[in-house]
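Here you get one chain, nothing else, as structure tokens; it is the form predicted on its own.
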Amino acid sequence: MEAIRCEKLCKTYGSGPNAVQAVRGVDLQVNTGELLLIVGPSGSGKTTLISLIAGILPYEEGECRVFGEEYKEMTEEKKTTFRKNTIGFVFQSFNLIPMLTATENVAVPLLLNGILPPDAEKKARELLTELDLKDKLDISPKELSGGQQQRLAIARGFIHEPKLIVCDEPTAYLDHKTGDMVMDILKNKVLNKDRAIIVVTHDPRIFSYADRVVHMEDGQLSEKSLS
């Protein structure tokens, strides 16, 4: 089943002589059951592209359908609801809420979807325990290492079981063992026949987890060999 179809997708920052075309006519199809890696140099447009796919940024030209829904055909209210229910985004900068505990941070997507706080926190604790953060459940994110914060952000990104999970450099702050643990969970627990995962990465250690790798440079995509 097709999860994502982008056709001639374009995104420009600025205008006039200072305009920068970050995404230039991208065509991309991602199927359910697929873990796709997007690789390429810094500044090539990778984060912009996944932000368009996740509905975080608007695009000027082209189409982007996620599970059959086109963002340009949605009202802002419908887009917000669609993203809340369908998409999990793991930000490179974590975007954790400093005044909440680790458990409370991870529970946020469930609360937004109407799950009662005790049930949301129970599920959050179970997931954090699985990510080897059992002794960090009740402390604030600022007391965690970079790698622990990354795992916390990843847990928050998929706790509500979205159909599309988009990750921006999810192993950037993790050692090899922890990075493998996170990718193994994404590939073998989170991914299923009804779900798709897109990962932007510079980390060649995780290439083996991909079903497909595409390379992005100067705002355009090309297929990349896994070998």
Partner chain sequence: MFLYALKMLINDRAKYIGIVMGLSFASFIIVQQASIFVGLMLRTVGFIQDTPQPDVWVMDEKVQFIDDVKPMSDTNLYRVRGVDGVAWAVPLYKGILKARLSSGNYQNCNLIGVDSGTLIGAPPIMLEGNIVSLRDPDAIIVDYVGANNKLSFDFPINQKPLVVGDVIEINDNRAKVVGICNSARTFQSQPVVYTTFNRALNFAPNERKLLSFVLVKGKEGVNPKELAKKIRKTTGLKAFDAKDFRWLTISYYLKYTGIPINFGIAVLLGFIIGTAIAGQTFYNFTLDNLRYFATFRAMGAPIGMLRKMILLQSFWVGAIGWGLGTGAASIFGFVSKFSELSFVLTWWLFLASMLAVGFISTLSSFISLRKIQKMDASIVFKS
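Whichever C-alpha set is largest while still superposing within 1.5 Å between the two forms counts as the rigid core. Residue numbers count along the first chain shown, from 1. Owing to the predicted nature of the structure, the values given are computational and were not obtained by experimental measurement.
Although it is not shown, the form predicted in complex with its partner chain is what the next lines describe.
Its partner chain in the predicted bound form: contacting segment from 27-35, 48-56, 184-192, 65-73, heavy atom within 4.5 Å: In short, 48-56.
Joint contact, 92, 95 and 104 to its partner chain in the predicted bound form, by non-hydrogen atom at 4.5 Å: Yes, each of 92, 95 and 104 comes within 4.5 Å of its partner chain in the predicted bound form.
Partner proximity in the predicted bound form: residue 84 to its partner chain, non-hydrogen atom cutoff 4.5 Å: Within the cut-off, so yes.
4.5 Å heavy atom contact, residue 80 and its partner chain in the predicted bound form: Answer yes; at least one heavy atom of residue 80 falls within 4.5 Å of its partner chain in the predicted bound form.
Residue 133, heavy atom within 4.5 angstroms of its partner chain in the predicted bound form: Taking the distances in the predicted bound form, the answer for residue 133 is no, it never comes within 4.5 Å of its partner chain.
Its partner chain contact in the predicted bound form: residue 100, any heavy atom under 4.5 Å: Flag for residue 100 set to yes.
Stretch 151-165 - residues with a heavy atom within 4.5 Å of its partner chain in the predicted bound form: Heavy-atom contacts within 4.5 Å come from 156 alone.
Rigid core superposition, residue 86 Cα moves 2 angstroms or more between the shown form and the other one: Residue 86 C-alpha, core-superposed: shift of less than 2 Å.
Displaced residue check between the shown form and the other one: residue 73, CA, 2 Å or over, core reference: For residue 73, whose C-alpha is compared between the shown form and the other one after core superposition, the shift is less than 2 Å.
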